[in-house]
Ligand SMILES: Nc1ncnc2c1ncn2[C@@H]1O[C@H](COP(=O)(O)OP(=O)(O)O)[C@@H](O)[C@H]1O
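Given as structure tokens, the chain that follows is alone and in the form predicted alone.
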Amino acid sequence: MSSDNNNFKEVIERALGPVQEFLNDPGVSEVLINGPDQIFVERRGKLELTNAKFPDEDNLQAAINTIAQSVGRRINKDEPRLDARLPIIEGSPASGSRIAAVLPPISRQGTVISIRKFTASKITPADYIKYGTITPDAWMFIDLCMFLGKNLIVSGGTGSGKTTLLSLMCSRIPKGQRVLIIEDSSELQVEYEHVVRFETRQADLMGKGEVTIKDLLKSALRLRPDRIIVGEVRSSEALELISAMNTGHKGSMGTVHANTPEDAIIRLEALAAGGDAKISEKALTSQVASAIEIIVQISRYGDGSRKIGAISEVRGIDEKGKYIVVPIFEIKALKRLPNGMLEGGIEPTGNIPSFYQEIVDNKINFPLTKFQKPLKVAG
């Protein structure tokens, strides 16, 4: 390890001393600091209150200032919010962690910090199936959507696993393509031979030099991409992504915060409508419906588990101008077991995807019977 990395590791460990034991604990996925006196951790999808504390608010603010400076960001009374990714450094438990923070008086209980730990281990489809996140047939359907180059959105709430799922899906892109990835802070772990990564940049102290996802999308379109991946669509860049999907960049993807596939596509339209382009509501709805083909919904449930709740196809708009979102696979109901865990998972709905002939033409072994509703056993 270089001396610079050693110094960085020491700086971070010193700043985060009161929560270092949780960063060292592989069972902890996130550390949540609500002011100096209240620290929660997430284990296996559930929150636990700890006894850890920072000495006082000044120490906590000094810690987040140190972290911000160490990654070339800033957080102060004029810019009281921080969203940053720590670099990946061997031997550092905070390596690659995503850190978000808000300072008082915006935060009423003191400085609030979230440290979402970076998981170096690679999740595989077999892991998803083993843990009940998805069934083999539902995963194979996602896999064939990747092979066929379907434009796809991963939808879910905060902490539902959207980024992990998108990373896994990107690894299933057929070989021989040029993939451009655009993120606010690099989180996607993509194992692919031809990947070009871009990351946004904040404005400097003079308000200059900002580079947004929207800016990077415009640049990406001139760099001969086959597929464009946006880590999270959260603003007017949605219109650029939709335009890219409609102009030959098949198989492009992104994530969006939403609780259902229907909410996801409506949110995308709302984000796209916030752009500078002068486009009618009817035309925008038509563009969104034409661009988005598949929505994969992932959710975190009450027992801490994460499951794919729905894989839906967007089939245009109806006569009233509403999106037609048809579930192909869906969780209908979950049963709570005596131990508090939820039993059940995603099942075929009986709906056949409109592009089934493509599956046949590409000689993909996915017969129509895979889409049949499972028979319910009486009693």
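Because the structure is a prediction, the values reported are computed rather than measured. Residue indices: 1-based, along the sequence shown.
Absent from the display: the form predicted in complex with the named molecule. The rest refers to it.
Picking from 104 to 112, 209 to 217, 123 to 131, 278 to 286, which part of the chain touches the named molecule in the predicted complex when contact means heavy atoms within 4.5 Å? That would be 123 to 131.
At 4.5 Å between heavy atoms, is R227 in contact with the named molecule in the predicted complex? Looking in the predicted complex, residue contacts with the named molecule do not include R227, since no heavy atom lies within 4.5 Å.
Would you please decide whether T158 lies within 4.5 angstroms of the named molecule in the predicted complex, comparing each non-hydrogen atom pair? Residue-level check for T158: yes, a contact with the named molecule.
Classify R306 as contacting or not contacting the named molecule in the predicted complex by the rule of any non-hydrogen atom within 4.5 angstroms, answering yes or no. Flag for R306 set to yes.
Using a 4.5 Å heavy atom cut-off, state whether R73 contacts the named molecule in the predicted complex. Result no; R73 lies far from the named molecule in the predicted complex.
Could you work out which of R267, R116, H249, K150 is the residue within 4.5 angstroms of the named molecule in the predicted complex, going by heavy atoms? Exactly one residue meets the criterion: R116.
The named molecule isn't shown here, but in the predicted complex which of T135, T163, T260, S95 has a heavy atom within 4.5 Å of it? If I apply the 4.5 Å criterion carefully, the residue I get is T163.
Using a 4.5 Å cut-off on heavy atoms, which residues of 8 to 39 contact the named molecule in the predicted complex? Contacts from 8 to 39: just S29.
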